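A single chain, nothing else alongside it, follows as structure tokens in the form predicted alone.
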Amino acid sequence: MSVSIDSIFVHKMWDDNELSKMVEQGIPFPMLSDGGGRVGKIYGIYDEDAGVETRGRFIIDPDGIIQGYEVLTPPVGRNVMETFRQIQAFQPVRKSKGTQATPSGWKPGKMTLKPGPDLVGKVCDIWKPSMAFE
């Protein structure tokens, strides 16, 4: 889900006029309104003085554990497709209970890596950077 201090009407306008052009068929999750900034305060991204939230993205697993986050100042845009890619990359890691890792640029169908001393200093030999962009 996404959460912002904007109203549900602003969310609908944003989805209809912007997000649906960036993401085929629009975003596949609900956008929630946090009018008073309560959720933003919990995650430390609500600016009390300005009454706005800094743009933050938190990837939270089914157990409620934050697995990743990114906080950007308002002038810098986020990449929705990268968010989706990261969520997909967490799936095999979770399924393997941490015995597999997904390197930078990993996409579904690509190989995962087995973390350990044998991997140290050899990631580029095993996971060629060009693989991330195929």
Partner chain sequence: MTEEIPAGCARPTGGPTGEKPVEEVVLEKSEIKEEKIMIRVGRKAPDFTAPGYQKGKFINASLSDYLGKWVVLCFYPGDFTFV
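If you superpose the two forms and keep the largest set of C-alpha atoms that fall within 1.5 Å, you have the rigid core. Since this is a predicted model, take the numbers as computed values, not measurements. Residue numbers count along the first chain shown, from 1.
Below, we refer to the form predicted in complex with its partner chain, which is not included among the displayed structures.
At a distance threshold of 4.5 angstroms between non-hydrogen atoms, Ser96 is out of contact with its partner chain in the predicted complex. In the predicted complex, its partner chain sits within 4.5 Å of a heavy atom of Ser33. Residue contact check for Pro28: one or more of its heavy atoms lie within 4.5 Å of its partner chain in the predicted complex. Residue contact check for Gly105: none of its heavy atoms lie within 4.5 Å of its partner chain in the predicted complex. If you take 8-33 and check each residue for a heavy atom within 4.5 Å of its partner chain in the predicted complex, you get Ile8, Phe9, Val10, His11, Lys12, Met13, Trp14, Asp15, Asp16, Glu18, Ile27, Pro28, Phe29, Pro30, Met31, Leu32, Ser33, in sequence order. If you fit the rigid core between the shown form and the other one, you'll see the Cα of Val23 move by 2 angstroms or more. With the core superposed, Lys110 shows a C-alpha displacement below 2 Å between the shown form and the other one.
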